[in-house]
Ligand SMILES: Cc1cc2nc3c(=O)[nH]c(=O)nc-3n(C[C@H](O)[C@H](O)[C@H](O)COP(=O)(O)OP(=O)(O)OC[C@H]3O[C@@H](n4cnc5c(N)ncnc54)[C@H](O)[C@@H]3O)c2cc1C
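Just the one chain here, the form predicted on its own, laid out as structure tokens.
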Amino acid sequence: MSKALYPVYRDVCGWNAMLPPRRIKERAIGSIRVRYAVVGAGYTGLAAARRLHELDPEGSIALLEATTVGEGASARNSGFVTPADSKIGLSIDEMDRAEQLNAFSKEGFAYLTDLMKAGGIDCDLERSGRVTAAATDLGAEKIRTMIEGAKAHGFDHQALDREDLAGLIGSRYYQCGLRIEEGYLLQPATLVRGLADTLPDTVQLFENTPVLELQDGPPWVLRTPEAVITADVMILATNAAIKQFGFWRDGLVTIYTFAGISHAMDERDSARLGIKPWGLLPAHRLGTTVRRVGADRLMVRSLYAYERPLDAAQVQQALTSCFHRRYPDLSHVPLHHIWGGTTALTMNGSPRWGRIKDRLYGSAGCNGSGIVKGTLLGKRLAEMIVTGDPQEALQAVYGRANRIAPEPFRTIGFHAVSAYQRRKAGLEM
């Protein structure tokens, strides 16, 4: 099997590029026998490996990363985290489910922050609140619905008008918005690198170790360029790339999203970025995410591509336009780092998660919220494996991903729906 079983990125992750070099772990070489093998050293794989150690401290664990920690999808997001699931847009009829989702999110957030404290991981975690803003009348209607949801759920919140938003973020681009108190920002590459570098000794992390072939088990056998790894139990924590192993192809689509961070600005320009820290999510799901990074940079995240990345020049032009439309007084400031990353979407927003077959488990379909949710799902997957708990409550709350139409109808449908949604999004993009 020669086809790559993981996303091959053509660009460097900007979050990672801003950090000093780290000592990369050795690649796997030779014949390796372990009790557990985890493929994918993102948030889900790291949490699963660590929780396996906590529950079975004598069990040997191999954690494989195809590239290097910090260059995978887990470091290529916008760095938003929250102890609430943030499903405040749910209808009031779904209050019970929302409360249960938030309980699981709190568990994932608490586990994650405990690991930060224990490992001394300083990933610039800041309580910023969580702002959603609208630039169109349709988006403003969504904000009004979200405000009603926030009231119903008892979230501490603030309705924002154009002047409020201008004071907060330094831009008059948006009509209105909503700020929820429970929201944090962090540097995702620092976090994922820190989690990897503070793993217990019983977890062997192998970097630059792509899986070339998975042989049926148990025991399960992984072939990499220089190693054969045999494991009693296998976890595929590869998100969308699980399709390349032949599993869950009927429920997942791979989406590329793109982001850029500006050059460091001088004091005069950075003063136009509002009150730090802040991060803003769009009212429309295809809109542009914007956040202040540190004292003097701005990040924008926008654009979506189906199954493959877009041309680099196209991405640069589009992201620069998103930036300068919101901050015309900063039109002389270029974007310095530009990168793409993958996520896995499902039709109904539910993950594919749990047992695939005998002693083979997987987690995929984070639907763009992978830091806290991925940590929670990795932790609970390890608990399912070691304790035998079927995790029925979790699976009932998160639900099961719907089947997606086969090709070529899937591609046709995606492009039709995304074109329609882009028209609806308008200035939100």
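The model shown is predicted, which means the values in this text are computed figures rather than measured ones. Numbers follow the displayed sequence, beginning with 1.
From this point on, the text means the form predicted in complex with this ligand, which you will not see here.
Proximity of G362 to this ligand in the predicted complex falls outside the 4.5 Å heavy atom cutoff.
Under a 4.5 angstroms non-hydrogen atom cutoff, this ligand in the predicted complex lacks L195 among its neighbouring residues. When this ligand is considered in the predicted complex, A241 lines it closely, a heavy atom lying within 4.5 Å. Under a 4.5 angstroms non-hydrogen atom cutoff, this ligand in the predicted complex has S369 among its neighbouring residues. The three marked residues, Y174, W278 and S321, fail to reach this ligand in the predicted complex, with no heavy atom of any inside 4.5 Å. With the partner omitted here, the residue from Y327, F104, W248, F245 that has a non-hydrogen atom within 4.5 angstroms of this ligand in the predicted complex is F245. Distance criterion of 4.5 Å from any heavy atom to this ligand in the predicted complex singles out T257 from the list T136, T346, T257, Q204. With the partner left out here, this ligand still marks one of 24 to 32, 41 to 49, 379 to 387, 398 to 406 in the predicted complex; by a 4.5 Å heavy atom cut-off that stretch is 41 to 49. Using a 4.5 Å cut-off on any heavy atom, the residues of 44 to 74 that reach this ligand in the predicted complex are, in sequence order, T44, G45, L64, E65, A66, T67, G72, A73, S74.
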